Structure formats: C-alpha cells, structure tokens
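Take a look at this one chain, the form predicted alone, written out in structure tokens.
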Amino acid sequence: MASSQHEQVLVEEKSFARILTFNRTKQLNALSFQMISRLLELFLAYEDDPNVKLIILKGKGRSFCAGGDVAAVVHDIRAGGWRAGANFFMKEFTLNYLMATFSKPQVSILNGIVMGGGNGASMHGRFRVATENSLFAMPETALGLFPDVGASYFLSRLPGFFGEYLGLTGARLDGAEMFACGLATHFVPSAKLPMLEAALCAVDSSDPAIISSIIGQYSERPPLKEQSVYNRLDVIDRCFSQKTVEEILSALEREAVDRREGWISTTIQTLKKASPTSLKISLRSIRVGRLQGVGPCLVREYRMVCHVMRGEFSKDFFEGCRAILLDKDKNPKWEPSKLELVADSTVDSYFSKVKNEDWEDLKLPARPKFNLPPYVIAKL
C-alpha cells in the first residue's frame, strides 16, 4: 500500500508561510493521485485562510518532482479501464488551473529534477527558483504522450519557437538555461536556499513585488555554457517555426549539412525516435495554445489525454510506457510508424470531444476575478 497522502506531502507552518515538500524520494517525487488530491485540498484551504500569505513548494532529495506517476496510471487503466486514467488527469489539471489562478504567491524551489507533471506543479505559480542542480524536461513525445499539464500554455509563451523545440524533443535544460528562457523567474545558488527560505518565512505579505525583491537579494545571473542550445536560438527559430513536423525535420537536415553541429544531429535523431502521432499532436497543441488562456489550454489537453488513454487512434502511450518505464528495452514500436502515415484528420480527432455518452469536458473551478492579482487575470 502507498504511504498516506499526508506523508507524501509534508506540511510546515512558519508564520504566514506554508512549506509543502514532496516526499516520495525513491520515485523522485513523482506525483501520485494521493499527492495531487492532498495539494488540491491544501491550496483550496490556504486561499480562504487569512493567516496564509505565501506558499513554498519544494522536493525532498535530488528531485523537485520528476513528473506524474505514469506507470501507476497505466496500471490503473489496465485494471479499471481508461476512466481510471482520466480521473488522475482531471484532478491534476484542476490543480494546475488552481495554481495558475491562485490569489497568493507560490514560490517553487526547483533544486533538482523538474519534469512533466513537476512542471505543471511549478510553472503556473508566480515564482520559479532554479539552482545549479535544476534539470528541466518535458519528455512526453518519447512516451507516446504530449506535453500536458498546461504546457501548451507555458511552452508557447517562451521566446521565439523555443517552446516547440522543448516540447517536441524533450530536450533537457539546466538552471541557467531555465532562467535565460523564462521558465525560471530567479536563479539562486543552492547554498543560499536555507537563507532564502528563512527570509520568505519572515514576510507578512502576499505582495508579489515584495516577494520578488526578497528572492532577488539571493539571486544571481548565471552565465550560459558556451554549448547551450539557448545560444542557438536563431537556428531553433528557423527550424521549429516551420508549419509541420516533416518541414521541421527537413529544415534541421539542411542546417546539419551547413553547420555540422552535434546538437542538430542529436535533435534529428531524437525526433526520429519519438512517436510520430505524439509529435504531430504536440506541435498542433503548442500552436493552438499560443492563442489561448490557461483554462482553455487545460480543457483542450484533457480532451487530448482522454483520447490518448482510450487508444482509439493510436496505442503509442501504452507502447511507450512499456518500452521506457516497464520493460525498459527503450525500443518502442510506434503505430503508425512514420510521420507521413499520421493523417491530418487523425490529428484533428485528438482535439474533438470524446464520443462517449457519459464523458464530459474538464470542468474548471470558478475563480472570483475581483480578488485575483493582475498577473493572474492576464492568464485567463
């Protein structure tokens, strides 16, 4: 039996701050259904509590949160049908929306691995603090999934077409790169985190300007490594601005001939190994997300994830989980196996309502606009 939800999320009360710590270190703090339920319960309680001014979110051990517990989701679907998986994502996306529209500042300390669902639990909050230990990725296309948890909102708002690059390739970023592209709002060396935490706990305010100035006292502007992909944004923009995945690959192959830079050939190989269906629905999702608020992004992603779990157009999600997480042979057999075999009409289907009589779109909680700060209202 899984440890209780209270043990999986540790809670500390310090003055006007609440420190929530992910505590599944053996699973790199992967989000279980119990953790998501507990976080939802806590955030709802804190919103109405005048004694809570600030929430600090962090992870125990070397990971902030390595993602949603996808292996457990697959197990639940096999045992109880696709609705068991839908229930997980419904709760997770509701939490993402609550974090995105929360009336009090959330400071996420990303001192370690932050992937997939870990980004959903942090990127929507007001402050994201990277360190030299941070490691970001949205690796879903390698699993036969797509960047979800509201990633079509936050990836599409990165400079140029860097979001398409991250979402399609699952490329990893360090803390300096996260700060440079805006995924992190601050960079604080890990040695200074205890001092930062103490300073935040001493604040009697929910004013984002005050919180930002406190984090700023411990922040640095880290230099990018010379070989950082963020220094190649011109090439990324030329390639990932293309209309289709096929055209993105062709553009990369042309660049590979001209430039002979290792990261370009690595990017090509990564794209060729990913699920063709996942690549096509991911690109469409990020492009659509650029024009939508965070709520509509999550509603659409919920439709998409229900289609993925039903497996009616492709079973790549189950095959990806088998190859990467369960059998670990790292050799998924995608079906369809080539980009050109994934029809536009199939991609369209992922964005449509699920044809099932008792299925419903994601119902997001009503948010009272009169007491939300301007930076939250802008997301809606």
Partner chain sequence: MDRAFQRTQILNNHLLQSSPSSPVQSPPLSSNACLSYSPPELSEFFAFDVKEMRRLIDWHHIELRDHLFAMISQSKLFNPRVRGGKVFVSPDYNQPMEQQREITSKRIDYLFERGVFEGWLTEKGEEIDLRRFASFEALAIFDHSLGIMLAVHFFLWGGAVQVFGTKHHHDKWLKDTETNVVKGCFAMTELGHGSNVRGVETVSTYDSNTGEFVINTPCESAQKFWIGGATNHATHAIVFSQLNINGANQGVHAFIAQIRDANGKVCPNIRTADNGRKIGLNGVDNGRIWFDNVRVPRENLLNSVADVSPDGKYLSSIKDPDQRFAAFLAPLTIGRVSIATSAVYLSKVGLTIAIRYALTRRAFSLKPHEPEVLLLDYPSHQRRLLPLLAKTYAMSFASKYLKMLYVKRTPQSYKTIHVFSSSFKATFTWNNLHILQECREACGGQGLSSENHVGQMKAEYDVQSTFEGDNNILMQQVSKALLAEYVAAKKRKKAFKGLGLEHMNKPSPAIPSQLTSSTLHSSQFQMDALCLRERDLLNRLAVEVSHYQAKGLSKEHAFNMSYQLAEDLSRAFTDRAIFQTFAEAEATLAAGSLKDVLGTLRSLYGLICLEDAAFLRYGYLSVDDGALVRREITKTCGEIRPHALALVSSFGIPDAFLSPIAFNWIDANAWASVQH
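Because the structure is a prediction, the values reported are computed rather than measured. Residue numbers count along the first chain shown, from 1.
There is another form of the same protein, the form predicted together with the partner chain; it is not shown, and what comes next is about it.
- Using a 4.5 angstroms threshold between heavy atoms, S241 counts as touching the partner chain in the predicted complex.
- When contacts are judged by a 4.5 Å heavy atom cut-off, A202 does not count as touching the partner chain in the predicted complex.
- When contacts are judged by a 4.5 Å heavy atom cut-off, L98 does not count as touching the partner chain in the predicted complex.
- At least one heavy atom of L158 is located within 4.5 Å of the partner chain in the predicted complex.
- Heavy atoms within 4.5 Å of the partner chain in the predicted complex map, among the stretches 150-158, 84-92, 128-136, 304-312, onto 150-158 alone.
- Proximity to the partner chain in the predicted complex, defined as a heavy atom within 4.5 Å, singles out one entry of K192, H75, R232, R284, which is R284.
- Proximity to the partner chain in the predicted complex, taken as a non-hydrogen atom within 4.5 angstroms, holds for one residue of D237, D174, E246, E261, which is D237.
- For a residue to qualify, one of its non-hydrogen atoms must sit within 4.5 Å of the partner chain in the predicted complex; all three of Q292, P368 and L380 qualify.
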